[in-house]
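Presented as structure tokens, the chain that follows is alone, the form predicted on its own.
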């Protein structure tokens, strides 16, 4: 297993290298490139623009710029934000705890609810309950996140005043767990709804396969309670196919934070990324996308390793 993990990590290095090449040259291919923010500022002259390029090293050949950027990125240096003058990695890491708070809450709730809904749908196949949960799941997958977020914001924050319209906590108050949860209800719900709609279908399908196996029929023939057969025997084996899906969904939640955090003014990485795009803040954009790429690759490795631990038949030796 350890040899496999080391091999996967070594295989991830050229993948990250390829992503860095694609990312770097795509950022230079957009109109204006890394200097787009400065080109549109009033009073900007060609002489001043050339001086700024020289200061940032953007007047050198493209391959030299790429090498300097990769060398700095490996050391954790992604440059300084054009908008705030702070190290890009420092700004991202400052926003990381708020994003983790939002992501982990939504992920845990989404996984638990997905299992419950998936098991209920599978054990009551073709019933009214199954059809109702299926229709709701399709709605959850089909509805755009930004539209659902805006509707929830209008109804529960603007009209009913049940929850705050945005932010991570009430301004001017000391830290309070209840206040933090109150602010997190709406954004966490939006992220969890999509996750539940997506993953519950996988759980249902996997449970249907498990319930039709011989060992389940044997357990029932022995007179075991239905809930014991369902939750202890069938669900344990149904976990295997959905493990990879759920772990990857946890990584992709970081991408979903871009919209959710922007709508609810949540001070996390997603909102910072949206602001960086609007301001053409090249170093912050590069830093966030690079970090997200690393997270997704690590999630792939973790899912494969966890799959082997859950199923003794899987061997990577």
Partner chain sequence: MALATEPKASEAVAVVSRQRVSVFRKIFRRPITILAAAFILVVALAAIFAPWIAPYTLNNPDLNAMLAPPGIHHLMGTDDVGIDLFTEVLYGGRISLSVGVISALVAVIIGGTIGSLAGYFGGWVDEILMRVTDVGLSVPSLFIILGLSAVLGATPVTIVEIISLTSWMYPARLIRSRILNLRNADYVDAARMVGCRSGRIIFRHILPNAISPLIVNCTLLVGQAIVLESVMSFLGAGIQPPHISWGFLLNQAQSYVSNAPWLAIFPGLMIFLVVLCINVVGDAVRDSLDARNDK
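From a predicted model like this one, the values you see are computed outputs, not experimental measurements. Residue numbers count along the first chain shown, from 1.
One more form of this protein exists, namely the form predicted in complex with its partner chain; it is left out here, but the text below deals with it.
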property: Residues 139, 252 and 289 all lining its partner chain in the predicted bound form, heavy atom within 4.5 Å; result: yes
property: Options 221 to 229, 142 to 150, 178 to 186, 109 to 117; stretch whose heavy atom lies within 4.5 Å of its partner chain in the predicted bound form; result: 142 to 150
property: Its partner chain contact in the predicted bound form: residue 299, any heavy atom under 4.5 Å; result: no
property: Distance check, residue 277 to its partner chain in the predicted bound form, heavy atom within 4.5 Å; result: yes
property: Touches its partner chain in the predicted bound form: residue 26 (any heavy atom, 4.5 Å); result: yes
property: Contact test in the predicted bound form: residue 154 vs its partner chain, heavy atoms, 4.5 Å; result: yes
